[in-house]
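So this first bit is one chain, no partners, the form predicted on its own, shown in structure tokens.
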């Protein structure tokens, strides 16, 4: 008697090629060990492995489950390891969905940080105003979903401090970021309130260079690299989930370490 978990015909393994972003996200999070076979996907989800759309739906379901597990395990008090200054990479490694030559610097004189959503004081902030806020420094590991990493030293105002200063609703679910490079992103509120989540303005004690996010970028120790948007132009506090650039391509949203 044929097993109910065995497909009627053996599909072409290349059918997974259309879903590599989701697969890489799952593999990087440790949910999958040694890669994902079509047979394992069938056992895990019961999907029709001969149907690419079915595989996409199954991988999305696994990603959602992975997000929920990470969210449950997240601790707002657990700190990531910090490292000595001697290990800091200078300059930091550039990472984006485009080449460094395509960076379009923001104008310091005209830049404003716009605020929206569940925030009492929505007046925009200038570079000079951001610089007056209390500063924290941390030397942490940047981990990319592609598998590489480096040690970086970041300085800036804790995001919690900033949200408190502008009267944000700290019971809201999400903090959403808009950026100068049209690379939107969002994080959960517990991550936003983590003591190692900064609105970074400096790297290795110097003002952020243009290619690495000037004048303001997110830097958190609890997320993968793609969850740290650069060239931030607006912050919104909301209860509406907003997917980021990479989530729309199949990467899981929580992406915690």
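Remember, it's a predicted structure, so these values are computed and weren't measured experimentally. Residue numbers count along the first chain shown, from 1.
Below, we refer to the form predicted together with a small molecule, which is not included among the displayed structures.
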Checklist entry - Any chance 83, 149 and 152 all have a heavy atom within 4.5 Å of the small molecule in the model of the complex? => result no
Checklist entry - Of the options 122, 93, 165, 104, which one has a non-hydrogen atom that comes within 4.5 Å of the small molecule in the model of the complex? => result 93
Checklist outcome for this item: Assert contact residue (the small molecule, in the model of the complex, non-hydrogen atom within 4.5 Å, options 144, 131, 79, 170) equals 144
Next on the checklist: Against the small molecule in the model of the complex, would residue 228 count as a contact residue? Criterion: heavy atoms within 4.5 Å.
Outcome noted: yes
Checklist entry - Should residue 181 be counted as a contact of the small molecule in the model of the complex, where contact means heavy atoms within 4.5 Å? => result yes
Checklist entry - Do residue 217 and the small molecule share at least one heavy atom pair within 4.5 Å in the model of the complex? => result yes
Checklist entry - Hey, of 123-131, 173-181, 156-164, 110-118, which bit sits against the small molecule in the model of the complex at 4.5 Å between non-hydrogen atoms? => result 173-181
